[in-house]
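Shown next as structure tokens: one chain only, the form predicted on its own.
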């Protein structure tokens, strides 16, 4: 079974946030709520964040089947979501 490095995923997801939020994202705790920790992280930006993650990792998020508000609310949850999706694709 193919395993995916959580650290690498986290670094890539964080890089997406850093492009948008700069220094505020660099000091982001993995379990910090993005809407609280990042100024301007509203529903439109959250949608852009999901789209950026899709593009970075080459999959589509299931907005109906997945709890997007939960999985994309913190860096740690997003990392876990991506890890599972990437492993599913590799299986």
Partner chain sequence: MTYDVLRNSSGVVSGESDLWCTYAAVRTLTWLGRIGDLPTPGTVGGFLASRQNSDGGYAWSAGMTSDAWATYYCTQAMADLPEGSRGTVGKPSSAWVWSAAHEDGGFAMMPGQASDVWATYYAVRTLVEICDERPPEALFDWLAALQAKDGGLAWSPAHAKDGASDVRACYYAITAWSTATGGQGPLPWDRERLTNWLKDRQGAAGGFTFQEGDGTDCLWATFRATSALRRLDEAPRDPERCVAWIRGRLRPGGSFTRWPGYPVPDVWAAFCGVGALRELGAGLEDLADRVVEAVLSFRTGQGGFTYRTPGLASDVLTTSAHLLAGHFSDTGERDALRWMESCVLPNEQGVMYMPGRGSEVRCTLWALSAGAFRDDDTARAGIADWLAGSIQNPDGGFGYWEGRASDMVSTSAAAEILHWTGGSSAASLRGIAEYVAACETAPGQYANVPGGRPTLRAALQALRALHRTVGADGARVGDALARHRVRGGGYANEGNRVPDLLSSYEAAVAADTFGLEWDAGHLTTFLDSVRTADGGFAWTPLMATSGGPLADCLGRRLELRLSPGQHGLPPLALS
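Just so you know, these numbers come straight off a predicted model, no measurement behind them. Numbering follows the first chain given and starts at 1.
Keep in mind that the form predicted in complex with its partner chain is missing from the display, and what follows is about it.
Contact annotation for the candidate site: 43, 62 and 68 all lie close to its partner chain in the predicted bound form (heavy atom within 4.5 Å). Taking non-hydrogen atoms only, residue 32 never approaches its partner chain to within 4.5 angstroms in the predicted bound form. Under a 4.5 angstroms non-hydrogen atom cutoff, its partner chain in the predicted bound form lacks residue 56 among its neighbouring residues. By the criterion of a heavy atom within 4.5 Å, residue 50 is counted among the residues contacting its partner chain in the predicted bound form.
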